[in-house]
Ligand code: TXA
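In the block that follows, a single chain appears as structure tokens, in the form predicted alone.
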């Protein structure tokens, strides 16, 4: 299959471009679309053959469910039932936006989408291209990240092409994603509500609507069915081995310098590491300021992909500090390191 790469305005997508993408979706094919979080691999949620193509194209196990994307709340009618009152409060506060809400599954929605669970993850993205495509298709779209399973998520169309060219029909190229990490997922079918995946919408923000909210730290093996995506222990991982460091800045810097003496490493570092790295002659990729979670989140997956291509024996990175989306970055790094971290003092 030849994958078509179509440039599209991120703010004012041309009608003919959307029409071309709709034709592919209507034919049961897969189209990578930009969202504010990462690029998603879109298919008609009510076409079982198209849904199956997503799992095949990504090499994704069916134990890892998909998120259903909608353009307006009327599209919920064929996706979810018995919608809790809390949903409408959350939607009013955070939609369109990087929040996915777990709801009771509509009985006509395939359990292939939900990994066999009776709940479904639903989101309304805050990106003009994604919204235009969903509206024009006239049906909800499933859209997991448009990458090979367990690899770093794609934040540019070039990342999608690297992973999936020849496997999917089309990529809509609207430039780099604004946020850079996947949406927060919250389960409101339980009391108190549970955050199953951290993202740009923080627990603190959700608590202003939900009151008590629990952040679930659960990690699952690939063969375990998950109620939401992003819960597997190994996820977002580069091919190159990754060492995740925790500890004071000076101790981290000292540890990285020692590692460089025995192994060819590349350091995903922060602004305050730059002088140390230069003195030691360590190859680096800059993530931004250590306490700027927004900037680090935007750079993270592109940096992991760049580091993978550098040919080093090992990638070294420390966790960013701070709250908000920085918590999501720490979660992604933990899973990229397969749950292993090195504490330095």
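Numbering follows the first chain given and starts at 1. All values derive from a computational prediction rather than experimental measurement.
Keep in mind that the form predicted together with the named molecule is missing from the display, and what follows is about it.
Residue in contact with the named molecule in the predicted bound form (any heavy atom within 4.5 Å), chosen from 193, 102, 269, 266: 102. Heavy atoms within 4.5 Å of the named molecule in the predicted bound form belong, among the stretches 204 to 212, 157 to 165, 118 to 126, 241 to 249, to residues of 118 to 126. Using a 4.5 angstroms limit between non-hydrogen atoms, residue 297 is distant from the named molecule in the predicted bound form.
Interface membership of residue 188, defined by any non-hydrogen atom within 4.5 Å of the named molecule in the predicted bound form, is ruled out. Although the partner is absent from this view, residue 60 contacts the named molecule in the predicted bound form, with a non-hydrogen atom inside 4.5 angstroms. Using a 4.5 angstroms limit between non-hydrogen atoms, residue 144 touches the named molecule in the predicted bound form. Along 15 to 40, residues 35, 37, 38, 39, 40 each place a heavy atom within 4.5 Å of the named molecule in the predicted bound form.
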